[in-house]
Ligand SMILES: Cc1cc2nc3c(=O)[nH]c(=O)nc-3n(C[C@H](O)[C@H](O)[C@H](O)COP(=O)(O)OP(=O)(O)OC[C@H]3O[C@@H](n4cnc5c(N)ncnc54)[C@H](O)[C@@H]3O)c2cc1C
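The chain below stands alone, shown as structure tokens; this is the form predicted on its own.
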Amino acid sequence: MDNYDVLIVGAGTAGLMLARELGKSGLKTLLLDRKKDLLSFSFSTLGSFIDLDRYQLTDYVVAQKMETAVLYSRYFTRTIKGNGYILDKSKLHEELINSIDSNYVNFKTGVHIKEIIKDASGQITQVLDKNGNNYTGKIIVDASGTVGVISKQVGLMPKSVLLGTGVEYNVKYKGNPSQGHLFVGKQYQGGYGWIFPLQNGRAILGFGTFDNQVAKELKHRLNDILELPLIQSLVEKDNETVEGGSLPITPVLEKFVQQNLVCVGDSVSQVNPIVGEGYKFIFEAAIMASKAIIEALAKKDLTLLHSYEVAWRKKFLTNYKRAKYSQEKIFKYSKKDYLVDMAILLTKLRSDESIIRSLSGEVYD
């Protein structure tokens, strides 16, 4: 059994970014994932106002650039000008994998983690998979996403969480290739819709909800919104292939470290509550975690891992609490057209730059 400086469970967004940063510092790292194909996803794309240069990403990961986005209520619209991206998740993860230093970071796929073993002090000494194989590291990282394979075992993440769920079709697109669309209101039946433009006359049409009852009928409701005149004016469905996925909708968490365990990403609900995509927030958290891990190992002091929590709280906590409050209001009001109409009208009093800052979560310094 090899002994690693860091053992990361989960080779998704958080795990890959963290492994890249640790590899730069020459830390011996093992990355485990239950999937055999790290470039297979339930969702192919995502919309984002991410700063690619900040995370050392290139235009290779961009499926389409957006210059405008349109917000729709039942009777009103608001067009926002600003640079954004539709990202290709497979290409983004491919680029991250290729940027990881293989001299220091090893991958092992098809590994289903089952349990952890602790010593008398509470430190994790081993991580076991379903086949009885064990893995170890001086520091253990849970980056396993909504599964929370370790964070839920140790109580950092609730075992039962509310999930936001969405489904999508890849469709023919009749609209402006540099314009995205977001639809909210009663006619979306307890959810919300989106259209993300792609290249070559294609787009992603999606429907999402935070209502568990609505989530049981997602494909049916996605087909229903395809019958709306506005949607039909923008897209044409030409296949039956549906993609889907979920993200955790939980109370804002503040603790991500326990003894030699560090949790990053959806394993501790680090997606901004008001923003539909969480990559840039998870990237930020992974970079913060990497700095704390590097320092803790260099100084042989695991208490320094808590500097990650301190940095995260300083940067995000106040904003996340406000976003959680806004999220709850949106859930409540989105089923009433007159309230959504009023909200769209009020956005006309704000500048495009101000709205984009809200949509992007204002993560940058």
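Everything numeric here is computed off the predicted structure, so don't read it as measured data. One rule holds for the numbers: they count along the sequence shown, beginning at 1.
A second form of this protein, the form predicted in complex with the named molecule, is not displayed here; the remarks below concern that form.
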Contact segment among 38-46, 308-316, 53-61, 334-342, judged by heavy atoms lying within 4.5 Å of the named molecule in the predicted bound form: 38-46
Non-hydrogen atom contact G23 with the named molecule in the predicted bound form at 4.5 angstroms: no
Proximity of V252 to the named molecule in the predicted bound form, heavy atoms at 4.5 Å: no
In the predicted bound form, V147 touching the named molecule (heavy atom, 4.5 Å): yes
P158: touches the named molecule in the predicted bound form, heavy atom cutoff 4.5 angstroms: no
In the predicted bound form, the one of V271, V184, I231, I124 near the named molecule [non-hydrogen atom within 4.5 angstroms]: V271
Partner-contacting position among K81, H112, H220, K174 - heavy atom within 4.5 Å of the named molecule in the predicted bound form: H112
Partner contacts in the predicted bound form for 3-38 (non-hydrogen atom within 4.5 angstroms of the named molecule): V9, G10, A11, G12, T13, A14, G15, L32, D33, R34, K35
